[in-house]
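Next comes just one chain, in structure tokens: the form predicted on its own.
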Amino acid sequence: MTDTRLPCPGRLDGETGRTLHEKAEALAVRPGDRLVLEMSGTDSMDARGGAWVVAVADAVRARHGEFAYEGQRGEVADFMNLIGPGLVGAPSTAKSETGFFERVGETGLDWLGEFNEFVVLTVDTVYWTFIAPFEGKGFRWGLWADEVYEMGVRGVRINCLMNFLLGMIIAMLSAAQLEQFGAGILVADLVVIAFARELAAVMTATVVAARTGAAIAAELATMKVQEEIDALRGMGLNVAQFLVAPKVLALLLVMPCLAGLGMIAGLLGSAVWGVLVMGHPARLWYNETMAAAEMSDVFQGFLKTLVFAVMIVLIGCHNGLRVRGGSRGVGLMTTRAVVMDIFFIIVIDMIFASVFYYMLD
């Protein structure tokens, strides 16, 4: 390592500091070399001169050299002590590699924290939706009516269209197999049972999750980013009462209605294929459909829609309230809400299917 001494002028100001910096650059300090600023002859310095000393130190460190100073006295010594932290480079911290168990533990703690937030939101929502209104604490009926229109009325067309096409597809695929055995009319039985138990509820929940669940997550995430949620809390308003409860009660009313319309649309789709393509008489197809329909199947499907409704709202609100960052965070949480909705729709449907299969059939 080579020591290079650089004498400092008697007065260190903006002009002389620039000259000092040019001299330091001309020395071309190499990696490992040490540049010592000799300040024994410096009687005074100002803020601009101190800034140039910091620039000299940065230039030396940029070339992987070492910077030092000595000989300062009086007011110059006091000034150098003041800017001393800026002359020392930030300590290099070696990144410690996270171990496997540390990553597992960190992930587990994150999930536990998120689960705790979800439980708190669920408890608050249940209270402000089903208990607080009977205690005279109020309910936002105006917002509830708006949500019913937005979630239900505006979602009828896309929901019926999706179920209609699904009913036609199921009839098309099942007819290809059943007609080989001369049992094409049983397509009507298959479709009505499938839609009553599973398809109407699941397809409707999927459409609502993609449409309403995403809208709920985006709405609350935008409010969180714009600090409107903090403003509500600052005014003493409960977020679950003000925003979540009307959505839950609205979707609890809307989901069974949409599922019922979806089931009718799915049966019409299968009837179009059965009557127009397979050639069965319309009255025969209608009688076969009504003979296969049972209220227990319809009850099973409608019961699922109530659970789906609560789940979609809670997941949308949960993800919206956990957003971090700006517009990108809003997009990520909206996508996450839809993915979680669809995943839990399948999980809840599997649980219902297991319960009805092992306990009721």
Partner chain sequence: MRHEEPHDAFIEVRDLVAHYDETLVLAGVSFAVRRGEVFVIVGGSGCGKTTLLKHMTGLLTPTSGAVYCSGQNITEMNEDELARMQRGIGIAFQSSGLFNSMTVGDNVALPLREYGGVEERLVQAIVRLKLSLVGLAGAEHMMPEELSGGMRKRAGLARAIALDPPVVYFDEPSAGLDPIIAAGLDDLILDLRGLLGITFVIVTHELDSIRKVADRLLMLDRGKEIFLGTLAEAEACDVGRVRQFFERRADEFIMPHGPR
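Just so it is clear, the model here is predicted, and its values are computed rather than measured. Numbering follows the first chain given and starts at 1.
What comes next is about the form predicted in complex with its partner chain, which is not displayed.
**Student:** Just to confirm the contact call: exactly one of 148-156, 237-245, 278-286, 175-183 touches its partner chain in the model of the complex at a 4.5 Å heavy atom cutoff, so which is it?
**Tutor:** The contacting stretch here is 237-245.
**Student:** Taking 4.5 Å between heavy atoms as the contact cutoff, choose which of 232, 218, 253, 194 touches its partner chain in the model of the complex.
**Tutor:** Selected residue: 232.
**Student:** Within 4.5 Å of its partner chain in the model of the complex, heavy atoms considered, which of 131, 123, 165, 82?
**Tutor:** The residue in contact is 82.
**Student:** Considering only heavy atoms, tell me if residue 117 and its partner chain come within 4.5 Å of each other in the model of the complex.
**Tutor:** Residue 117: no contact with its partner chain in the model of the complex.
**Student:** With a cut-off of 4.5 Å between heavy atoms, is residue 160 one of the residues that contacts its partner chain in the model of the complex?
**Tutor:** Residue 160: no, not in contact with its partner chain in the model of the complex.
**Student:** Does its partner chain come within 4.5 Å of any heavy atom of residue 211 in the model of the complex?
**Tutor:** Heavy-atom contact with its partner chain at 4.5 Å: absent for residue 211.
**Student:** Answer for residue 227 alone: is it within 4.5 Å of its partner chain in the model of the complex, judged on heavy atom distances?
**Tutor:** Yes, residue 227 is a contact residue.
**Student:** Select from 129-145 the residues with a non-hydrogen atom within 4.5 Å of its partner chain in the model of the complex and write them out in sequence order.
**Tutor:** Sequence-ordered list has one entry, 140.
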